[in-house]
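Just the one chain here, the form predicted alone, laid out as structure tokens.
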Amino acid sequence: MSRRQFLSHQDFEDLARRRLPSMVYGYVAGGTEDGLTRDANRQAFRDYAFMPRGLAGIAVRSQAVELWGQTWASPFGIAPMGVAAICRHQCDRIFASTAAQAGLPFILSGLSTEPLENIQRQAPGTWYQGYLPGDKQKLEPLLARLKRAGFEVLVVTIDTPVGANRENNQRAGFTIPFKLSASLVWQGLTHPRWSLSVFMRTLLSQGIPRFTNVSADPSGFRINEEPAGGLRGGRDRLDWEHLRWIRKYWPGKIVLKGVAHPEDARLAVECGLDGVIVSNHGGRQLDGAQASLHALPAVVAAVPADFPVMVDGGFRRGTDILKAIALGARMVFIGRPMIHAAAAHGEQGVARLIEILKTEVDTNLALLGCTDLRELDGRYITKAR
């Protein structure tokens, strides 16, 4: 397919589903246990309806958004996604460069396989998302490495203190650390495009991939190894005292990701942090948690008006983005759709999806009768009946 034949996110997902081995696609698409929260993220958008205005003179429009004194081209960015390179060779490089060219933020996952120094050199301004341990002796050298690399925004994920029950991955034989199995071999044989362009290309160019961005040691550990102390590395000990210590040590911005309760948002403000991302990890952690869009209004109400509240979870359309902005979000982060676009059509696919979303935001902003995204608020949205 040519780039212009992709008209919506669904076109990318349909092609990605065919091109990726089922266990890899299942890892991207799946949630935990019964998938209640994953599905709730999508269903939540039906619970809100727009109230458009007419005769608003919408010939000139702006979807730019300001965050910490910087202006971004649109109110969305690329969310952090662990092990993205299993879907496309050097996938994190694709996200970083494409986001930078489009004037959007990209958050690099700590569970990525391209050294963070390389990403920051390629796309200055990239954010770093970490699964941080509750251990200051490990935290300090990691933060020092981030400083040296030039990172200015630290995103601390707080909703993964332990591993969730991802039954779908276990049934499919997709595990971290990775293990070679008969099923994986069969999937490779039946998906030769993926085997050659992702699996073999990676092995030939860099050997077995390594998680290079989890700690201060850039050599990290192989994706088929169990690191000392386990993959979780003491995340279950991370608490608010550690965040207060990080605030004193880290000179840049600190954002909490995985906020679902208003009280956690209030504590983030009290600790002197710089923003929160309302998130349930794409429905991949606590099953039965509320949808991100449902959690958003209470979090916005709990913090000062100038405190940035961002959100992720289930976003597929420009209208989804606009509903979150109307409910008080400053920025929306999008994960799975970007993986689908990269798997389907590489860098051109990601660029095309960004183009589609920008066009949808612009068109629907006009249809709402709103000329500037900064004016979009609760006056334009209501609960659906």
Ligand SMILES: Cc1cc2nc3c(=O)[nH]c(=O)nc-3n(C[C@H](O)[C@H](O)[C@H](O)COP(=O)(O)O)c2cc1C
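Throughout, we count residues from 1 along the sequence that is shown. Everything numeric in this text was worked out from a predicted model, so none of it was measured.
What comes next is about the form predicted in complex with this ligand, which does not appear here.
This ligand: the contacting residue among His345, Lys323, Arg352, Arg336 in the model of the complex [heavy atom, 4.5 Å]: Contact check passes for Arg336.
Of Pro308, Pro105, Gly82, Gly220, the one that lies within 4.5 Å of this ligand in the model of the complex (heavy atoms): The residue from Pro308, Pro105, Gly82, Gly220 that makes the contact is Gly82.
What stretch, of 144 to 152, 201 to 209, 93 to 101, 276 to 284, brings heavy atoms to within 4.5 Å of this ligand in the model of the complex? Selected range: 276 to 284.
Contact test in the model of the complex: Val28 vs this ligand, heavy atoms, 4.5 Å: Judged by the heavy-atom cut-off of 4.5 Å, Val28 is in contact with this ligand in the model of the complex.
I'd like to know if Gly314 sits close to this ligand in the model of the complex, meaning any non-hydrogen atom pair within 4.5 angstroms. Taking the distances in the model of the complex, the answer for Gly314 is yes, it comes within 4.5 Å of this ligand.
Hey, in the model of the complex, does Tyr131 get a heavy atom within 4.5 angstroms of this ligand? Close contact exists here: in the model of the complex, Tyr131 approaches this ligand to within 4.5 Å, heavy atoms only.
Residue contact check: Lys257 to this ligand in the model of the complex, 4.5 Å heavy atom: Yes, Lys257 sits close enough to this ligand in the model of the complex that at least one of its heavy atoms falls within 4.5 Å.
Could you pull out the residues of 150 to 179 that have any heavy atom within 4.5 Å of this ligand in the model of the complex? Contacting residue: only Thr157.
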